[in-house]
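The chain below stands alone and is given in structure tokens; this is the form predicted alone.
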């Protein structure tokens, strides 16, 4: 496919991390919009909200009182989706053959899943975001993430430690206080399982890291790079699904945040501050997104081909009030986008 076609003709792009395709339709960027328009979030928040269950000293829904914390604060999620003491059980249901009530092959499966869920309050300030926090404050958040990954990953039955943040009501955040979550799973979640398979296959076939090779290619081409420092790069991936989706990668091969040097951790804090600030300036609004780190599974195996990375999935499409909807064709066929990844990267670089 020619370079021109990538900017003018409908085409599909392969995501080498998942093995799935995304349809790109660059000729549709000018279509009119008469769909849902979102409500803007409040322009200003107080530094302390007495009604916020995450602010220092306040009481949470379960009656527990927060300490008067002065930096990043971690606690067990009061409404955890996973529980550590769930007993191991499994259910299998066989298909019916219709012959004398006989049963066929096993068709349905269910099994219990143990886990731990924690909340990470990035700051005691109710009105801040990662983009507005200082380098030292975000660096402290990074250090807490490292500590949590190591602590939870050391539990013998935990295979995955997923650190993520949902920012903004549009992405389901129930509280504007700057915070994220950590879910530690007994089994590897679907997205992690797909990425483990592709990265392991690439490592075995080429004795090279898939994302190291991909990052080297992007640094040469340059057109999808959004921000970079000495240790980290943020880019719009060639296969991006969401309009302003980004992938954040360390320049040096690392499987998890715990592998990073002090310089690498400093660089991670800096790239997160810069990228989120660019998001906020794009439409002059606190940009909603779901962000998460995919780190090496904690099952005790080396996973040499795994490369630490973070995904940012923001929903906004045209403005602060018009979002991308994953419906119809996206739900029944495959993801589709109008704005090309190259155009999205250029717009993020420009702010």
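It should be emphasised that the depicted structure is a prediction, and the values quoted were computed from it without experimental measurement. Residue numbers count along the first chain shown, from 1.
A second form of this protein, the form predicted in complex with ligand H2U, is not displayed here; the remarks below concern that form.
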In the model of the complex, the residue from 48, 325, 69, 53 with a non-hydrogen atom within 4.5 Å of ligand H2U is 53
In the model of the complex, the residue from 179, 251, 224, 278 with a non-hydrogen atom within 4.5 Å of ligand H2U is 179
For this session: Examine residue 174 and determine whether its closest non-hydrogen atom to ligand H2U in the model of the complex is within 4.5 angstroms.
Result: yes
Quiz prompt | in the model of the complex, residue 75 touching ligand H2U (heavy atom, 4.5 Å) | solution = yes
Does residue 162 make contact with ligand H2U in the model of the complex, using a 4.5 Å heavy atom cut-off? no
Looking at the partner-bound form in the model of the complex, is residue 119 within 4.5 Å of ligand H2U by any heavy atom?
yes
Among 152 to 160, 102 to 110, 261 to 269, 166 to 174, the stretch whose residues bring a heavy atom within 4.5 Å of ligand H2U in the model of the complex is 166 to 174
